[in-house]
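First comes one chain, alone, set out as structure tokens in the form predicted alone.
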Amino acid sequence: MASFTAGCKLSLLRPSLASSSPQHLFPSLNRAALSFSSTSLPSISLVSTGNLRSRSIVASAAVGPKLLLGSLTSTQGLKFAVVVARFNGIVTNLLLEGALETFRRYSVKEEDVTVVSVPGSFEIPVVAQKLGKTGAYDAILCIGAVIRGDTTHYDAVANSAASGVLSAGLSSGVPCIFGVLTCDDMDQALNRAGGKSGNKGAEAALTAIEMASLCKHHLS
């Protein structure tokens, strides 16, 4: 007996049956046998083929969306720039060490990394933008540390650094990774520069590698 199963081809002798329900086509099958679980099977589409005397219905699985993903292992040929602020150097130097160590661990050659030093976090975006527009780098890593003080200077610098790094990436077309710490005190900053909260410089370097790979291998 013929069976109605996803992935099979049904040959129907009468074209008028093409629009009939499975129960009409196969009355001996019960309702349970004709029900399909959306979680256990992919969605199917019915395609009519053949001539009028012998039509075929082919149930085919729907194709899923295409996934583009950056790689952390295919780093050959990728070039990076690191813009690091000297202000709060006790923190930013640790972040830089974490970033450079991550690049080494993921087989990025030292000669493919350029480090640019700037006075503070406020100066990072303009340099990142200029580096991106040279076309020499696949990603720009921006490292700094802004620590809250007694005035609103913290808010002005932190907001300007964040929006500036975003703008640098958008205007240059090169991923600019935000690795600027914005903390309430020095303890919070040190905890995020290799302390109990990990090293955010290392995490930002991983993001830089993935974004560089994604843009160069899939979006260029």
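Note that residue numbering follows the sequence shown and begins at 1. The structure displayed is predicted, hence computed values, not measured ones.
Not pictured, yet referred to below: the form predicted in complex with a small molecule.
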item	value
Triplet Val127, Leu166 and Phe178 all within 4.5 Å of the small molecule in the predicted bound form via a heavy atom	no
Exercise: Val157 in contact with the small molecule in the predicted bound form, heavy atom 4.5 Å	yes
Exercise: Tyr106 in contact with the small molecule in the predicted bound form, heavy atom 4.5 Å	no
Asn88, heavy atom within 4.5 angstroms of the small molecule in the predicted bound form	yes
Contact label in the predicted bound form: Leu94 to the small molecule, heavy atom within 4.5 Å	no
Which of 116-124, 96-104, 68-76, 130-138 lines the interface with the small molecule in the predicted bound form (heavy atom within 4.5 Å)	116-124
